[in-house]
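Okay, so here's just one chain, in structure tokens, the form predicted alone.
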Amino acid sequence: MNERATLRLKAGRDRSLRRHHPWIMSGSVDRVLGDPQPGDTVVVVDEASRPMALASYSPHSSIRARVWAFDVQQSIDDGFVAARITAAAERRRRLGIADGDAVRLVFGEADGLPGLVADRYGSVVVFQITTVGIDRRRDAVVAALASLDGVQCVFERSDGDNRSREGLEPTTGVRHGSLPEPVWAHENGLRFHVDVEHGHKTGFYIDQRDSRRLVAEHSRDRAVLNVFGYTGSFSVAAARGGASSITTIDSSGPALLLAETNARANDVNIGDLVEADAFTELRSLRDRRASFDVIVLDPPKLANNPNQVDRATRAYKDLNLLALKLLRPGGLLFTYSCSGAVSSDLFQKVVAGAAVDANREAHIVRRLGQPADHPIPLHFPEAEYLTGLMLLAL
């Protein structure tokens, strides 16, 4: 490891770094001095060679370096990583964030650990590594997570597409202890099965905790449509809230089977489970003149990068247009985008356009987003990836 390697920025390309944005893009780099290897810590300097930060070097990525620390005297070692994991977990504890045991312990750059996400489900912690710098510190990550009070199993799910952009291969498996079966996420008086080994992300979408509570609060005696239902968490919340009927749409049969498991685990009836393409089924419901009091639209990420935004916004508009046509007067639409490349302002404009085309008036009741265990640093707006609207249709 070459700790003395230096990454020099081009003239005028240090402004974002001075505002403590943690990414150094490849186009901002003037030259690399020394011979740093992937994951090595480099000193980032401005055009006058004044030290600005310590960062993890990634020659295969368009994000050429990610900042560890703006104090260039800091030692970047296993102790540094462990201390940041411990501090991140302690912040969540002090805030009393989760009503239950499902919580995001580490959220990448927001916790000063670029490329590391760790979610806790009771005694099980599931982590993902997407950058080469953290990948070099895997053992320290596992040891720190395993040392947290009550943790009995640490499981790795580093199998996302982002790893290939860092020159990394996918890797998964138990890294500490043994994986119990089943694993449950508890929140707001409900429990959900977590497919740690094969589910999306770390097995469950903790980030919709607050929205599931809202849906439960507004479902009593109402007909609810849950689109892109996945494992039925919104449907279970609606059932617990007293919905008169529930329809769940998802293209995955296994996901709907898991939705049934979650319904039984909470002793509720989640009604009709429809295995179908969401766009096709929404059009079919429109043609059959179906209508609902509450509709949840929570699609998967539709834009992975800025080049895909136009296509994504067309899809978001189609979905919201169809939903608004199915919504009864006085009904509520919970609509979301988890595409970080689609800003909250753009998403609102897309939904507004859908309302115009649907010939519906709607008011924003609440703006929705990720909960407090997914913090958004002022200097790193890219951490905001989940945006949503709770709309009242007139």
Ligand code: SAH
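As the structure is a computational prediction, the values presented were derived from the model and not from experiment. Residue numbers here begin at 1 and follow the sequence given.
What comes next is about the form predicted together with this ligand, which is not displayed.
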With a cut-off of 4.5 Å between heavy atoms, is residue 205 one of the residues that contacts this ligand in the predicted bound form?
yes
Touches this ligand in the predicted bound form: residue 184 (any heavy atom, 4.5 Å):
no
Whether residue 101 contacts this ligand in the predicted bound form should be assessed with a 4.5 Å heavy atom distance threshold; does it?
no
In the predicted bound form, is there a heavy atom of this ligand that lies within 4.5 Å of any heavy atom of residue 247, even though the partner is absent here?
no
Specify the contacting stretch among 105 to 113, 125 to 133, 278 to 286, 78 to 86, defined as having any heavy atom within 4.5 Å of this ligand in the predicted bound form.
278 to 286
Sort through 223, 255, 268, 214 and report the residue having a heavy atom within 4.5 Å of this ligand in the predicted bound form.
255
As a check of understanding, the residue in 264, 200, 91, 314 with any heavy atom within 4.5 Å of this ligand in the predicted bound form should be identified as 200
In the predicted bound form: members of 228 to 252 within 4.5 Å of this ligand, any heavy atom:
228, 229, 230, 231, 233, 234, 250, 251, 252
